[in-house]
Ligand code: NAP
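This document starts with one chain, in the form predicted on its own, laid out as structure tokens.
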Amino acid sequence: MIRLAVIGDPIEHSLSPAVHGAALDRLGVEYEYKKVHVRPEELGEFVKTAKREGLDGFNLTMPHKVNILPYLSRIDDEARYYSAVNTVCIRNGELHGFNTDGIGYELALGRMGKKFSGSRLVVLGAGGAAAAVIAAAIRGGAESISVACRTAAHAEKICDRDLGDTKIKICGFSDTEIAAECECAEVLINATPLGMEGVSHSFDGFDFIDALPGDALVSDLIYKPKKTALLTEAENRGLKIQNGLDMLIFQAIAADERYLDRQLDMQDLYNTVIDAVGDR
């Protein structure tokens, strides 16, 4: 029996139990997987509880991917590079941190016929999810990444790495500033919680979508609702769209590899999981 959980704030919307459950069922693994509402100020107490109750690991969603770092005994190179963690394995009472968001998003992007190499991206947000996507894009050889956020210091922190040949630009979050960056973008990625179920606020407007080229992809890391206001507006303008379900599935399978300490068939398990949760 493997005992797992997912934590976040909010967490009610999470499909992680269904996604991991479908994969673990396919693998014939006996498991328990629950979702736990953990507010930012409750993270330390949750860590103590997880150890006391004998959890084998847990996944993290907003807003815990960066805040978990001080509680880790070990962190793998990928997570250290991303400066964010979405998967924790508890081994002999120690927390080991991993990040599977980067590979999860890269595989999801591939399903839309896009790739990081040579691409021009606009990323909305500078939290843990954005950090993983940006780092993966830099590693993947993106030509340029524009990061739009309300606090420049957050973006500067997650972009403070060896950029290779990737050009980074940080801008504000106003409609006008985002629109200026969208003019040459191939992929626009929403890595904020704006539009998520359980989050009351949304974008001030969507005029920036009009600046995107006609062949651009609008990608939202949110998967519930299946189609956010951002994706609806983009689709109404004739643009290709993708929600966060594919990324969720691929990063979850990669996380299961860490929990089980063995390599898994990503594509086979993706097909199993998407059949199980695709209509939710």
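Position 1 is the first residue in the sequence shown; the rest follow in order. All values reported here derive from a predicted model rather than from experimental measurement.
The form predicted in complex with the named molecule is left out here; the points below concern that form.
Although the partner is absent here, L194 lies within 4.5 Å of the named molecule in the predicted bound form, judged by heavy atoms. Using a 4.5 Å cutoff between non-hydrogen atoms, F206 does not count as a contact of the named molecule in the predicted bound form. Residue contact with the named molecule in the predicted bound form: F173 places a heavy atom within 4.5 Å of it. G140 falls outside the set of residues with a heavy atom inside 4.5 Å of the named molecule in the predicted bound form. Residues of just one listed stretch (210-218, 49-57, 241-249, 24-32) have heavy atoms within 4.5 Å of the named molecule in the predicted bound form: 241-249.
When the named molecule is considered in the predicted bound form, only one residue from R91, R150, R80, R74 comes within 4.5 Å through any heavy atom, namely R150. A single residue from the set R161, K115, R120, H154 has any heavy atom within 4.5 angstroms of the named molecule in the predicted bound form; that residue is H154. Annotated contacts: I7, L69 and H96 are all free of the named molecule in the predicted bound form [non-hydrogen atom within 4.5 angstroms]. The partner is not shown here, but in the predicted bound form the stretch 101-137 reaches within 4.5 angstroms of the named molecule through a heavy atom at G125, A126, G127, G128, A129, A130.
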